[in-house]
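Only one chain is included here, represented as structure tokens and corresponding to the form predicted on its own.
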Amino acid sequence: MGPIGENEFFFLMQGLKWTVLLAVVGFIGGGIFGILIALLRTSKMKVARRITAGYIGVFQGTPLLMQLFVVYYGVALLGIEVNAWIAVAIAFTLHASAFLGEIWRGSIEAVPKGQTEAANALGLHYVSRMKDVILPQALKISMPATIGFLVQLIKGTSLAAIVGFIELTRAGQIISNQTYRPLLVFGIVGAIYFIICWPLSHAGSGLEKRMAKAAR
């Protein structure tokens, strides 16, 4: 068994950097497209609602692992050369946009109808109504679920290793193969995930409890 020293720890930190960066890119990119999907899902256009419902259904109904494979190898079949980082970033953005779009769609519909009626009575057009009245309330309602999804997204980055992307879990696997100390290595990897995810989960639970008390 080999020792786990500074080099191995630094390699894990490099993997952690890519894990965090991938989660951030996927969450921000997914958030941008997710807002558009949520708005289309709640629009009066029947075709837009059906298309976005189908889009969400595809990503919610298939494993993230399969989505990574399809994006990584599907793009290559089109004759476009992309490295693993770009492929997984695209896959995570698409995945996150579907889930966040559905979360925020539910939050928009959870805003009391009286708010929309009041905005209409004031003569606010659609953009102002959504930007100034509906979305601020909807995003507040969605915070616990949004944070919960972010936690799942961070843990889901471990699947990116399947297409050769070296994030935290893959870095741990490489070090484990070199040192023959899998229990110690993956114990450290698990502890790092816990340090990142537990505060977020705790914050999400706290928000949910505070919102439940405020609603009483």
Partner chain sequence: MLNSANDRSTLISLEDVQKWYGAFHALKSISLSVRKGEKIVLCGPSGSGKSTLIRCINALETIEEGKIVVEGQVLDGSTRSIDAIRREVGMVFQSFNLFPHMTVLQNCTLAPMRVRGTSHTDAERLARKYLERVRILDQAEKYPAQLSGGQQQRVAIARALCMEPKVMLFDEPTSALDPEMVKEVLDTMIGLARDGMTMICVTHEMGFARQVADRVIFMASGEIVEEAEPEVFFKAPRHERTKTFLGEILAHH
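Note that this is a predicted model, so its numbers are computed, not measured. Residue numbers count along the first chain shown, from 1.
The discussion below concerns the form predicted in complex with the partner chain, not included here.
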> Does the trio Pro199, Ser201 and Glu208 actually contact the partner chain in the predicted complex, every residue with a heavy atom within 4.5 Å?
Replying inline: no
> Using a 4.5 Å heavy atom cut-off, which stretch among 99 to 107, 141 to 149, 81 to 89, 128 to 136 contacts the partner chain in the predicted complex?
Replying inline: 128 to 136
>> With the partner left out here, check for me: in the predicted complex, does some heavy atom of Leu124 sit within 4.5 Å of the partner chain?
In response: yes
>> My question is simply whether Ala76 lines the interface with the partner chain in the predicted complex - judged by any non-hydrogen atom within 4.5 Å.
In response: no
> Within a 4.5 Å heavy atom cut-off, is Leu94 in contact with the partner chain in the predicted complex?
Replying inline: no
